[in-house]
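Presented below, as structure tokens, is a lone chain in the form predicted alone.
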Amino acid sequence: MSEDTPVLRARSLDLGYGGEPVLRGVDLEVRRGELWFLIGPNGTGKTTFLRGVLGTLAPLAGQLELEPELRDRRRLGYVPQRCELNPTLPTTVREFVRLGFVRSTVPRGERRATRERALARVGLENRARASYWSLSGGQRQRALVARALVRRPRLLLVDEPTEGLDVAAEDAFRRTVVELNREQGLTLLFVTHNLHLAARIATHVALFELDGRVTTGSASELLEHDVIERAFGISLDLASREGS
């Protein structure tokens, strides 16, 4: 497979519910090692798009193609907004992260080492025996990342992970994402309302609009003041890119 082969490609894609499109005519190509931010007002279909990629929502029209190693979704990682476990269940951090192996391709003999590397990657190796429910909000989000990483994903989907976090927790999460992308070359789709974060670390942006259209391009192109003002109806002085 060529290095230029897209990890993910949408062609004239419509997605929606009950036969009614939320997204219309989406054209998008994500290539290996890119960090895409999916931004736009509430109700514009960002999470709907992730559901399409995850395979839980079938296209109404058009095509959504994944590279061959991703078509069964076993090497697709997903970090939801919050944990979906029942809080009455006693669960250690290590047990929680181990749930990521469900339907994964990681051989059983390699799972322990893979799990411990994932915990270390997100800085939770010293909390592995603690109750998941004793963690702070930021630590829980990092545990969700570790749970996704044990799948050895080729593509990681992250859905509004910094919502409700304090500044320190958000910064720690940002650093984790940057390291995964820039040091490991992991490809990411990152849903957020945090335009300042997008301006700092995104390589590419998909701008979801209220009419169901999606505009895509480089972060430098789509985070211009006039584009943001047109989409959100506000004027922001966005921070310069990280590392620039």
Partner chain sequence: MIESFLGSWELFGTTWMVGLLIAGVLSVVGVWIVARDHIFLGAAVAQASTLGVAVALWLAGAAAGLRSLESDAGATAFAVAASVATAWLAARVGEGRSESHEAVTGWVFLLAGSIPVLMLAHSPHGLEEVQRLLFSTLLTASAGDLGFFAAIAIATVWAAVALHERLLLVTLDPELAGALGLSRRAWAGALAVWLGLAVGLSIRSAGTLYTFGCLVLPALIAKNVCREVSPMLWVSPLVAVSAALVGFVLSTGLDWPPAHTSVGLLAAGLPLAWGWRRLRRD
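Just so it is clear, the structure is predicted and the values come from calculations on it, not from any experiment. Positions refer to the first chain, counted from 1.
Omitted here: the form predicted together with its partner chain. The next part is about that form.
Only one of 36 to 44, 179 to 187, 209 to 217, 50 to 58 places residue heavy atoms within 4.5 angstroms of its partner chain in the predicted complex, namely 50 to 58.
When its partner chain is considered in the predicted complex, R112 lies well away from it, no heavy atom lying within 4.5 Å.
Although the partner is absent here, R94 is a contact residue: one of its heavy atoms lies within 4.5 angstroms of its partner chain in the predicted complex.
Remark: R151 counts among the residues lining its partner chain in the predicted complex, judged by a heavy atom distance of 4.5 Å or less. A residue is said to contact a partner when one of its heavy atoms sits within 4.5 Å of a partner heavy atom; C83 meets this definition for its partner chain in the predicted complex. This chain is displayed alone, yet in the predicted complex one of R174, R140, R127, R98 has a heavy atom within 4.5 Å of its partner chain; that residue is R98.
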